[in-house]
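Okay, here we've got a single chain as structure tokens, the form predicted on its own, with questions on binding and movement later.
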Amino acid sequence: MIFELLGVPPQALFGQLLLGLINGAFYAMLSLGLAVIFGLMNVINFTHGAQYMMGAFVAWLGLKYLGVNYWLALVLAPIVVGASGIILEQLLLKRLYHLDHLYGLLLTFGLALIIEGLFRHQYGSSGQPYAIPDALKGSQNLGFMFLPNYRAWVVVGSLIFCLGTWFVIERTKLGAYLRAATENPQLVRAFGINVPRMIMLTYGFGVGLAALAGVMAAPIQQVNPLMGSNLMVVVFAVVVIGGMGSIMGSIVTGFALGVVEGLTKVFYPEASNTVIFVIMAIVLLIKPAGLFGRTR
């Protein structure tokens, strides 16, 4: 009865809800990595989209040339891309910490263009297919819709990774050190903690989250050099709405806005590409620091 009143077939509604949850999973993981990096380093990492793309390419190249399967790629890609992020942080980003935020933003934006250009030159703009692992092929009949196993894994897996990150940062001693280093690095150094090393590893971890999301996205999207840049504009809007540097804000807002975007495609498709930015404008007018953010 309710679907008749809404004038929407139930299959279309649930299908778009699932699509919204999948998009929200990637929004949450990418915005979480940005929040971790910004929260500790005060750097708006525009390279995040390129590093997301690199994670997908590491998985694809590993499968093509080394026979690395999907499950091993989930471990190796974050390590490889995270290590490359640490190199960038040591060579370039660490020189900008004492400067205005704008310099870090411009540097990471330029790095993103360089990385994407190199991959586009080497592999072209056409996408490369990446097969769904055998264990996650097929779907489940829920009665009102068929739920593909891989898409269910993406939603559940991303939620596990996101909440695990939140727990480490908010509920463990290591997380307490990270948060203390954000507020008062001189005091943390006085306790014998190597703050520069902590910052370096935190940047690598945030980059690794982006690479992990890239591996999970590879079987759904085609692996191509522009897959990150097409997504990052929306992800930055998600970060702004949730609150810059807010871990829980990134998770909740990422999933919620993915669902909102999916529902908008059902009820008012013309607004589906702009609804997140409209919400961002409204939130900034009411609460400039974001829904979960703090005024610095």
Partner chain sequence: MRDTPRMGRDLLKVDNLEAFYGESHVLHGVTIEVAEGEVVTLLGRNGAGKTTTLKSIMGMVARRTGSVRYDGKEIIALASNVIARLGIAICPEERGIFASLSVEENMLLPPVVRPGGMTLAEIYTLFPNLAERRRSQGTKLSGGEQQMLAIGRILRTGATLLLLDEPTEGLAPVIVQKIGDVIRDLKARGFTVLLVEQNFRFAATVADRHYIMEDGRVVDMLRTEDIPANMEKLHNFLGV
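Positions refer to the first chain, counted from 1. Predicted model, so just to flag it, every value in this text is computed and none were measured.
Quick note: we don't show the form predicted in complex with its partner chain, though the next part is all about it.
> Quick one: of N141, N184, Q122, S126, which gets a non-hydrogen atom within 4.5 angstroms of its partner chain in the model of the complex?
Result of the distance check: N184.
> Just give me the single entry in A190, V156, I87, L118 that has a non-hydrogen atom within 4.5 angstroms of its partner chain in the model of the complex.
Contact check passes for A190.
> Since the chain is shown here on its own, which stretch among 95-103, 165-173, 67-75, 108-116 would lie within 4.5 Å of its partner chain in the model of the complex, judged by heavy atoms?
Among the candidates, contact is made by 165-173.
> Classify Y177 as contacting or not contacting its partner chain in the model of the complex by the rule of any non-hydrogen atom within 4.5 angstroms, answering yes or no.
Yes, Y177 is a contact residue.
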